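Have a look below at one chain only, the form predicted on its own, in structure tokens format.
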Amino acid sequence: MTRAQQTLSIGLLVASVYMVAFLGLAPLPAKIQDDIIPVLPIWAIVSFGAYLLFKLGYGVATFNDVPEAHQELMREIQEARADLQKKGVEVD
């Protein structure tokens, strides 16, 4: 099963469970049925967004500098400039 099929299967399962709860096909207390179930998708979207923002912030905070990669990139830029100047292209 590919990742897309797995994600689609889980999404359909969650959507079907939500629809059963939303349409009242499953016996739930009135408080849950009237107050919680209708706002559950909005809560899920907000929670997912908060998770993604946390993940992005954590990735930025733990981003590692790689001085060797910087030096290699600068060397490649100098080689490209020298090659272009040999071919008559003016590079500043």
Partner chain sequence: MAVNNTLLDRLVGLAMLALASAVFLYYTIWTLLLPFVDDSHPLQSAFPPRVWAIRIPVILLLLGGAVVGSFLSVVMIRSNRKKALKARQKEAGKKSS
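Residue numbers count along the first chain shown, from 1. None of the values given here were measured: they were computed from a predicted structure.
In what follows, reference is made to the form predicted together with the partner chain, a form of this protein that is not presented.
Within 4.5 Å of some heavy atom of the partner chain in the model of the complex lies at least one heavy atom of residue 32. Among heavy atoms of residue 67, some come within 4.5 Å of the partner chain in the model of the complex. Under a 4.5 angstroms non-hydrogen atom cutoff, the partner chain in the model of the complex lacks residue 26 among its neighbouring residues. Using a 4.5 Å cut-off to the partner chain in the model of the complex, each of 43, 47 and 62 places a heavy atom inside that distance.
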